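Let's start with one chain on its own, the form predicted on its own, as structure tokens.
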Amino acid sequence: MNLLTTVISICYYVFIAYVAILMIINLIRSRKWEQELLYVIVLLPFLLRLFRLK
């Protein structure tokens, strides 16, 4: 049971990292400041979760 929990946690953090990387790429490509602000607002919870701060 402990192994299953570890595997699920690793998969979860890999998925969160993947989504965060995609959002960072879109943030870099964006040229409108409104879109950049939206990406930062959406990206913040993902980064906090990835670094296990929240």
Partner chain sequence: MLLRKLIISAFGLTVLILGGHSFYSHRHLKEAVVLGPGVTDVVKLGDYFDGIAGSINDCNLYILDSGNPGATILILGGSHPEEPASRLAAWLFVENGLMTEGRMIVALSANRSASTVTRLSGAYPSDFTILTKWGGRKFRMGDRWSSPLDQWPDPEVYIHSPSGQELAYVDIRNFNRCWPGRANGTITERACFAFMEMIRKEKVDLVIDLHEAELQYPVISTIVAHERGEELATFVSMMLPDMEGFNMGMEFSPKALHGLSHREIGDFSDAVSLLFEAPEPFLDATRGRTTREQLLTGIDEFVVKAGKAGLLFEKIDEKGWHIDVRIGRHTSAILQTMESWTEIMPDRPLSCEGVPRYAEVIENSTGHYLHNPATSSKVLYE
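Everything numeric in this text was worked out from a predicted model, so none of it was measured. Residue numbers count along the first chain shown, from 1.
Missing here is the form predicted in complex with its partner chain; even so, the following discussion is about that form.
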*Would V14 count as a contact of its partner chain in the predicted bound form, using a 4.5 angstroms cut-off between non-hydrogen atoms?*
no
*Is I21 close to its partner chain in the predicted bound form, meaning a heavy atom pair under 4.5 Å apart or at it?*
no
*Check each residue of 3-39 against its partner chain in the predicted bound form and list those with a heavy atom within 4.5 Å, in sequence order.*
T5, I8, S9, Y12, Y13, L27, I28, R29, S30, R31, K32, W33, E36, L37
